[in-house]
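The chain below stands alone, shown as structure tokens; this is the form predicted on its own.
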Amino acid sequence: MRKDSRLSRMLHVLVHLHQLQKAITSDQLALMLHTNPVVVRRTMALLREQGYVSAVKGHGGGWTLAKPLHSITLLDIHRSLSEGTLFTIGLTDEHNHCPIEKAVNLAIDDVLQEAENLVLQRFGEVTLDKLAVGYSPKPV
């Protein structure tokens, strides 16, 4: 099963945008991330919709930060990118009349919900400026 790495990739991009202080094209970001520029544009558009980045078309254009890193949390970016739950562990419903299956599903669901709540709480406590500490700008 493939892992969804969009959160870590976009955090990486946002810190670079902060450090470089100039517009970066989707092509440049795609080279950095080893992906396709279309994937970059589609993912960055999700962040633009929430006001975290902006884009300028044409010569000299590209993506820039629209908000300072200290005002953006991991939770903000996670919510911008995610449609579902953090954990993809599935519960079975093949024997939904079986009391054992119901007990197993309830136990798993309770633990997963508690873990997800804790992770999301922590995501809300970490601002992106903390990720940029100690790193020098490097050309993309």
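Note that the coordinates shown come from a computational prediction; the quantities given were computed from them, not determined experimentally. We number the residues from 1 along the sequence you see.
Not pictured, yet referred to below: the form predicted together with another copy of the chain.
Asks: Which residue among 50, 54, 92, 36 has a heavy atom within 4.5 angstroms of another copy of the chain in the model of the complex?
Replies: Comparing distances to another copy of the chain in the model of the complex, the residue within 4.5 Å is 92.
Asks: Can you pick the one in 64, 105, 73, 28 that has a heavy atom within 4.5 Å of another copy of the chain in the model of the complex?
Replies: Filtering the options by heavy-atom distance leaves 105.
Asks: Can you tell me whether residue 11 touches another copy of the chain? I mean in the model of the complex, with a 4.5 angstroms heavy atom cut-off.
Replies: Yes - in the model of the complex, heavy atoms of residue 11 and another copy of the chain come within 4.5 Å of each other.
Asks: Mark residue 99 yes when one of its heavy atoms lies within 4.5 Å of a heavy atom of another copy of the chain in the model of the complex, and no otherwise.
Replies: Residue-level check for residue 99: yes, a contact with another copy of the chain.
Asks: So, residue 41 and another copy of the chain: in the model of the complex, are they within 4.5 Å at any heavy atom pair?
Replies: Output for residue 41 is no: heavy atoms all beyond 4.5 Å of another copy of the chain.
Asks: Could you tell me if residue 131 has a non-hydrogen atom within 4.5 Å of another copy of the chain in the model of the complex?
Replies: Because a heavy atom of residue 131 falls inside 4.5 Å of another copy of the chain in the model of the complex, the answer is yes.
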